[in-house]
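Before any questions on how it binds or moves, here is one chain, the form predicted on its own, in structure tokens.
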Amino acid sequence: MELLDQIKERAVRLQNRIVLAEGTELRTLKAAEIILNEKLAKIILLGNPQKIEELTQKEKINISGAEIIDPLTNTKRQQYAEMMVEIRKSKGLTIEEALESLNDPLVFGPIMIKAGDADGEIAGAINATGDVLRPALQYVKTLPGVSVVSGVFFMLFKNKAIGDNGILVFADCAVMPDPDEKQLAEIAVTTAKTAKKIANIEPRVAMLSFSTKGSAKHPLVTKVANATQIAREMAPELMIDGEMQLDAALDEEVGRLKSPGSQVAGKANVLIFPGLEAANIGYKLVQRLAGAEAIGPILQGMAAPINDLSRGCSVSDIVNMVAITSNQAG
């Protein structure tokens, strides 16, 4: 069974409550219909109910079974506002400011999750990444021991000899431009856990560089080598090795030559790039030139799954991301 089929099958079993914060956006409503038909999740649409009804009737979209919540009139506004004030009391947030903020679905969604009224959220079809992530980081926050949010891509290849049955996992391709040693280590550990949770693979993590085990000397090499050591200390149960060049990570013959005895060299299925520039270029090269299917970015590191869509996303992208978000929620 292909990875996306596995993810969807798991989502059907889980039946998590996923918030679609952009409930009056047409692609989102079309995706909601498919999600409900395929029983991938319990859907919560945020937005003006009258506007949603007008759009669905005009476009002949059936979203019966979805819960529709208007952030402007919801009965839990006061409860949510008090929770927000408690979370951000050190910032001086007032109840009036909190109530005003709750008018924004991008704030209302994360607060629902924080209150235990939803399991995950999708947004970004018509909103910038920063606007999606800001309230998520303010109220849902990051996982214990993790200080950074990062973005992972699952790269799916027709050649099943690549990676793990045709799956390679790339990070961080979306968020952190220049992670420091500790942040890079955190990205490695969280990506390994995401790979295991979403794709059910045993992660073999290569910390990528232009050097393999000291073959070159440079501060950029030192950063990756130090990050590797920190990652091993954070999660000694994981197979993590580096610093390592890409050929040493993926080619068994080169891996044996450049890093003899490594559990990862030549067999890596999780690739941690040293910075966003390399990772973003890397996944797009593989996608365009090798014909790999790129699933993501899937955001990781937050205490609950909140994923950001591209503003050019398709209906199927939204459907797939809801299934993935449900898998992340577990």
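Residues carry their position along the shown sequence, with the first being 1. Keep in mind that this is a model prediction, so the values were computed, not measured.
One more form of this protein should be noted, the form predicted together with a small molecule, which is absent from this view; the next part is about it.
- Item | Option from 242 to 250, 148 to 156, 96 to 104, 109 to 117 whose residues, in the predicted complex, bring a heavy atom within 4.5 Å of the small molecule | Single hit among the candidates: 148 to 156.
- Query: Is residue 280 a contact residue for the small molecule in the predicted complex, using a 4.5 Å heavy atom cut-off?
  - Reply: Residue-level check for residue 280: yes, a contact with the small molecule.
- Task: Using the partner position in the predicted complex, report whether residue 274 sits within 4.5 Å of the small molecule, counting heavy atoms only.
- Result: It does not: once the small molecule is placed as it appears in the predicted complex, residue 274 has no heavy atom within 4.5 Å of it.
- Item | Contact flag, residue 130 vs the small molecule in the predicted complex, heavy atom cut 4.5 Å | Residue-level check for residue 130: yes, a contact with the small molecule.
- Item | Contact test in the predicted complex: residue 177 vs the small molecule, heavy atoms, 4.5 Å | Looking in the predicted complex, residue contacts with the small molecule include residue 177, since a heavy atom lies within 4.5 Å.
- Identify which of 76, 232, 213, 141 has a heavy atom within 4.5 Å of the small molecule in the predicted complex; exactly one of them does. Exactly one residue meets the criterion: 141.
- Would you kindly say which of 266, 47, 297, 305 lies with a heavy atom within 4.5 Å of the small molecule in the predicted complex? It is 297 that has a heavy atom within 4.5 Å of the partner.
- Task: Verify the flagged residues 91, 134 and 173 against the small molecule in the predicted complex: is each one within 4.5 Å by a non-hydrogen atom?
- Result: Spot residues vs the small molecule: full contact, yes.
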